[in-house]
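The chain below stands alone, shown as structure tokens; this is the form predicted alone.
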Amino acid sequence: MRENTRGTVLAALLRSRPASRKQLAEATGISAATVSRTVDNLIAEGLVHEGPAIVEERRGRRQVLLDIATDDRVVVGLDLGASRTRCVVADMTASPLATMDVATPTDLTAPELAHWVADLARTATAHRWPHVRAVAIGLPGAVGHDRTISNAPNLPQVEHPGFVTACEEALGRPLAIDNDANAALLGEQRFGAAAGLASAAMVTLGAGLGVGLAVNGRILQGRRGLVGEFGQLPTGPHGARLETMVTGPAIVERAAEFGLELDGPAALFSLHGNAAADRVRARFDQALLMALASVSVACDPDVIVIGGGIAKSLRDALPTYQRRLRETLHVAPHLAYTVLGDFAGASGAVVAALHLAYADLGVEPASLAHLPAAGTLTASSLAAVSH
């Protein structure tokens, strides 16, 4: 009972900080005396600190505000991609302390890549490394309940049976892993374009096609992690997978087939009046519409958030895709561009790492869906600490 009370009070403070003892008692329904004793214990443990006093409107009584202590507890969120890896270091309130954005060394073996991930986390945290309580990683593949990884053609090292264990041993910290699109959706749910929406989806377009789905506020995963792997659908000519029609490598390859040399996939979207480019763009648009329609009918989301490297070239075209999707389905979810940008996946990994840290402190699983509170991790706060 004491542990449950402790976790309940801590969760209430994390949701609405700063708060007084009286406010926490009102929020939790726990007696004021019990809340006060619990708070005293949390202060003694260094988890909570007292701040300024406020004067209540009635009787002029003073209440001391309480807040979460952030000096000696941090988490790390990593988005391990096939081309770039992003990292966010955050305190227990999800306020970002540091970020990193580096090229992923795809030529490493699975054990070498695991150690590189751990070294990156140590570099990003610098002097804070001893205070890291948990780490979470978003990966470009399907992650099963048993932590096996499949369908990661763009970074096959992560499919190695010992990769996750090697990461955990190299980090020496509790580790959460998930698909990178799921991580990006989690970030947008807590801090971005899907905030406050129970049903949402994330579509990431880059080296691969990633999709995350959330229903009733919970991200769908499945026993083998295959939920959302729409890129594997055989929808093209001769059974070609959908992923081969909408990703960066696919764009460059299709352009080459039409005799069009592109410096990169983004170049396609800046070409106008070029017959070959128009044909490649038409095929891309049709494939993307198919992906968006598939996501829409799969979970009927309120919003589909679009992110990833290619999405930067599509931002101005979202109204057109919105119109075409509505013409196809008659009723369609809202299409929105990512709020957290390149760091959506790493931000979602921060949320997953914080859930590990909160649970270790006694916060009940039912409370984790509403934590951390929105407002601390934002695009501007990430930019303020970027290297």
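Each form is matched to the other, and the largest set of C-alpha atoms that superpose within 1.5 Å is called the rigid core. Sequential numbering from 1, following the sequence displayed. Since we're looking at a predicted model, the values are computed, not measured.
The next section is about a form of this same protein that is not shown, the form predicted together with a further copy of the same chain.
Open item on the list: Within 4.5 Å, heavy atoms only, one stretch in 266-274, 99-107, 225-233, 306-314 touches a further copy of the same chain in the predicted bound form. Which?
Closed with: Of the options given, it is 225-233.
Open item on the list: Going by heavy atom distances of 4.5 angstroms or less, which of 94, 213, 139, 207 would be at the interface with a further copy of the same chain in the predicted bound form?
Closed with: By the 4.5 Å criterion, the partner-contacting residue is 213.
- [ ] Sort through 123, 286, 148, 83 and report the residue having a heavy atom within 4.5 Å of a further copy of the same chain in the predicted bound form.
- [x] Selected residue: 286.
Open item on the list: Just checking whether residue 329 would be counted as a contact of a further copy of the same chain in the predicted bound form - the rule being heavy atoms within 4.5 angstroms.
Closed with: Although a further copy of the same chain is absent here, residue 329 would touch it in the predicted bound form, with heavy atoms inside 4.5 Å.
Task: Interface membership of residue 294, a further copy of the same chain in the predicted bound form, 4.5 Å heavy atom rule - done: Output for residue 294 is yes: heavy atoms within 4.5 Å of a further copy of the same chain.
TODO: Tell me, yes or no, whether residue 239 is in contact with a further copy of the same chain in the predicted bound form, where a contact means a heavy atom of each within 4.5 Å.
DONE: Taking the distances in the predicted bound form, the answer for residue 239 is yes, it comes within 4.5 Å of a further copy of the same chain.
Open item on the list: Whether residue 248 contacts a further copy of the same chain in the predicted bound form should be assessed with a 4.5 Å heavy atom distance threshold; does it?
Closed with: Result no; residue 248 lies far from a further copy of the same chain in the predicted bound form.
Task: Residues within 4.5 Å of a further copy of the same chain in the predicted bound form, restricted to 292-325 and counted by heavy atom - done: Heavy-atom contacts to a further copy of the same chain in the predicted bound form: 293, 294, 296, 297, 298, 299, 300, 301, 302.
Open item on the list: After core superposition, I'd like to know whether residue 236 moves between this form and the one not shown (criterion: C-alpha shift of 2 angstroms or more).
Closed with: Shift of 2 Å or more: yes.
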